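Have a look below at one chain only, the form predicted alone, in structure tokens format.
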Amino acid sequence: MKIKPMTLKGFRDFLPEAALKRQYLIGKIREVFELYGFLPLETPALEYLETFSGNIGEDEKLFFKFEDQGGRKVALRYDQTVPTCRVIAQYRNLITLPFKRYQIQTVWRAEKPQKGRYRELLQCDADIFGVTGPQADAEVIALTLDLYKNFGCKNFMVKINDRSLFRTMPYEVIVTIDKLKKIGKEGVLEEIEKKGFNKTQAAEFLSTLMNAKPNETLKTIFTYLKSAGFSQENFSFDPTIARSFNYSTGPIWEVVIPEYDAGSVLGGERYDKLVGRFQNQDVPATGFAIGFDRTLEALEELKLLPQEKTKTKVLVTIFSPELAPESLRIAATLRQNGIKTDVYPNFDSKLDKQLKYADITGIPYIIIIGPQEKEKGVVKLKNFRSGEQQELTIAKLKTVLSS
């Protein structure tokens, strides 16, 4: 029986052109993370279910969970923050605080797929553990700003709030307020009432939110960002930012790009109590997760991603099976000099077919080594885009292709 080729809903394949864009963005993200002195961390795809249970809030219904062959209740990694807190507790004697970590791995969520939201997704996190003061929050928010500047974004906004301003509100109200931009004021009031509060209480909750002012913690953060040279055009106080995770304990922030209408592209918060759920002592922490797919889509819409089909710089063709050793020798020399080089893998293919391959795959340069070139000790280099063609020695060839 033939198997029908298909992917599960909410899961995707990435063909080379799309994968190149993803790798480009991952590289830009890692570049800024390491610029700020953050260290990499990786955790398993599977965790004990109890690691996540009680730590996420209403979204626990989105866990991919099951029993493994040993009868253990397990879950696919839902986020990277909770496993990192487990790591801090498990390897406490091996980790020096403050601990600045970044993590770029896949997470899984059983939610309804939509634009910018999938069931398997890449997350890119950066967090600081072991610092109680708002300077740590300010640093990761500064990192947030530098990330989107590094992507080439101009008109983005980091919206900042503090969960302590919601201190008098029940968690279920905070979760509803977090939907304000999606369902509007009337929708929020209606949902709060459905959760058991009367109209007066619902109105008071919303009024408290809308009239909130920056506290001393937020003022310290804003002063830090100004001192670090960031423009106020890219960050602001927003009392409507709530964040629905129940582990948030302090400053919270999100990034929005006005030209991208699918929602925020990054979310961050302080979470001082989460590590304490895995050990007897709390460890203060603050950080964020980039919505990688949303950010990628936004950059695509803003035309800020490179449009490339390949990283390969040159294709070394095979003029004939007899001359294949010459082509292989040239390719090896170029690779030793760091030049990304492809060799056509079928030694019996005609030259026209090899040229067509280079055209389709987007390789910009072609090298031809025929009997005449071998006799003269040169190669023929063709710029496939301009059509320009020249004969070069190996030394000159390395210089041209390295430029």
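Numbers follow the displayed sequence, beginning with 1. This one's a predicted model, so the numbers in the text were calculated from it and none came from an experiment.
If you look for the form predicted in complex with another copy of the chain, you will not find it shown, but the lines that follow are about it.
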property: Contacting member of Ala242, Ile128, Cys153, Leu209, with respect to another copy of the chain in the predicted bound form [4.5 Å, heavy atom]; result: Ile128
property: Among the candidates Thr312, Ser320, Asn234, Thr217, the residue which, in the predicted bound form, approaches another copy of the chain to within 4.5 Å (heavy atoms); result: Thr312
property: Partner proximity in the predicted bound form: Glu47 to another copy of the chain, non-hydrogen atom cutoff 4.5 Å; result: yes
property: Proximity of Leu355 to another copy of the chain in the predicted bound form, heavy atoms at 4.5 Å; result: no
property: Contact flag, Thr7 vs another copy of the chain in the predicted bound form, heavy atom cut 4.5 Å; result: yes
property: Partner contact for Lys380 in the predicted bound form: another copy of the chain, 4.5 angstroms, heavy atom; result: no
property: Interface stretch in the predicted bound form with another copy of the chain - options 279-287, 160-168, 255-263, 194-202, non-hydrogen atom within 4.5 Å; result: 279-287
property: Heavy atom contacts to another copy of the chain in the predicted bound form at 4.5 Å, residues of 25-50 in sequence order; result: Arg30, Glu34, Leu35, Tyr36, Gly37, Leu39, Pro40, Leu41, Glu42, Thr43, Pro44, Ala45, Leu46, Glu47, Tyr48, Glu50
